[in-house]
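As a starting point, one isolated chain is supplied in C-alpha cells, in the form predicted on its own.
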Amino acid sequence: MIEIKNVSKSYVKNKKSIDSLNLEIKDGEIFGFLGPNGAGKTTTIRMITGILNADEGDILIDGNSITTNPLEAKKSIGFVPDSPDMFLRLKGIEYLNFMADVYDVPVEKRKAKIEELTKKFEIYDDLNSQIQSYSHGMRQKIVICGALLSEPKNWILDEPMTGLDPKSSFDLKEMMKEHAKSGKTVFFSTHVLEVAEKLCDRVGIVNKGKLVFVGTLAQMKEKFKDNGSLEELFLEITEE
C-alpha cells in the first residue's frame, strides 16, 4: 500500500508543483496516474521513491515513511523512471547484477530471475553488450528487468510503455495484472489513455499540481454525467 498524505512540493517560490496531494493506492490494484505535461506526475513519483523530498506532508510505503525510514520503504519498491538513459557504460549483465546487489538478491535466485526476465523481453542475447549500444526500447527493457529483479511488492512505473514494441508492451501489461492479482500494488503514469482505460482498477487525474479526480471510470462518468471515453472525460476534466 502507498499512502500520500498532504504532500506539497515547490520548485519556484509561491508556485506549488504539487499542492496538498492526498492519495491511497491499495494492495491488489493497478492505479493509473494521469495528467497533462507538467501537471506534477513525475514530481509525485520522484517523491514516492525518495528521489525528491516533499516540502510538506509524508509518504508511507507499507507503513514505512519514505522520509524517516527510507531504506525500509525503498526495499519494497521497484521503480522504472521516465528515462532509461542511465549507467550507459555498464554491460546489461553488469547493470542487472548491480541492481541485484542493491536489493540483496541471492546469486542463485538472481541468475534464474535475470534469465526469466531478459528472455521474456528478448534481450538475453544482448546482456554482454554495453547499454549505450542498446536502442531506446532495449534500454527501457533492461531498466524494467532491473526494477523487477528483486520481486518488489510495489511497482512504481513512470511511462513504462514508452519505446516498447507491441509484444513487450503486452507482456508488461500481463505482468502488471498478475502482480496486482497476487495482492500487490502497481502505480504507473501514462499518456496512453486507452491503456489506462483497459488496465486500471482506478485512476487519479492531476492537473496544475492538484488532484482533480480519483476513482473508477464508472465513478468518473457518474460524477461528470458523461458516458464518453476516458480520453473525452480526461480532456473535459483537465480543460476545466
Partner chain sequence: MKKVLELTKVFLKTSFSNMNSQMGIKTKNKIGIVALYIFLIVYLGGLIGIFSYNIIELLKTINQESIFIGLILLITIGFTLFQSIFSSINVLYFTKDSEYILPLPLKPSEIILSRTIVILVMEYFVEAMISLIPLILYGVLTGMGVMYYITMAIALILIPILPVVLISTIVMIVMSFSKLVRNKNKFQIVATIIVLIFSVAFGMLISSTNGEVTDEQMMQMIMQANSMVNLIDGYFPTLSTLITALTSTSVFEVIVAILETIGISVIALIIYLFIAEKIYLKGLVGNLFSGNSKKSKVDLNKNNFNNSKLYKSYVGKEFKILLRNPIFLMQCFIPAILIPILMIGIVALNFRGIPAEEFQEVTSLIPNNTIVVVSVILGIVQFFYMFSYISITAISRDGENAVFMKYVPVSLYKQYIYKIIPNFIMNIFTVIVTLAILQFILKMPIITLLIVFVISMIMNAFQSILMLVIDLKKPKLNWDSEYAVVKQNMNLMYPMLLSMVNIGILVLITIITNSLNVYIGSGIILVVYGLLTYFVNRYLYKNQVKLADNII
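Residue numbers count along the first chain shown, from 1. If you're wondering where the values come from, they're calculated on a predicted model, not measured in any experiment.
The same protein also exists as the form predicted together with the partner chain; that form is not shown, yet it is the one meant from here on.
Query raised in the report: Would N97 count as touching the partner chain in the predicted complex under a 4.5 Å heavy atom rule?
Result: Close contact exists here: in the predicted complex, N97 approaches the partner chain to within 4.5 Å, heavy atoms only.
Query raised in the report: Is K120 close to the partner chain in the predicted complex, meaning a heavy atom pair under 4.5 Å apart or at it?
Result: So K120 does not count as contacting the partner chain.
Report task. Using a 4.5 Å heavy atom cut-off, state whether K167 contacts the partner chain in the predicted complex. Result -> Outside the cut-off, so no.
Report task. Check whether K74 has any heavy atom within 4.5 Å of a heavy atom of the partner chain in the predicted complex, and answer yes or no. Result -> So K74 counts as contacting the partner chain.
Query raised in the report: Candidate spot H136, M175 and E194, all three in 4.5 Å heavy atom range of the partner chain in the predicted complex?
Result: Checking in the predicted complex: none of H136, M175 and E194 is within 4.5 Å of the partner chain.
Query raised in the report: Here the chain is shown alone; which of N53, T68, S182, N37 has a heavy atom within 4.5 Å of the partner chain in the predicted complex?
Result: By the 4.5 Å heavy-atom cutoff, the listed residue in contact is N53.
Query raised in the report: Even though the chain is shown alone, can you say which residues of 96-128 have a heavy atom within 4.5 Å of the partner chain in the predicted complex?
Result: Heavy-atom contacts to the partner chain in the predicted complex: N97, F98, M99, D101, V102, Y103, V105, P106, V107, R110, K111, I114, E115, Y124, D125, D126, L127, N128.
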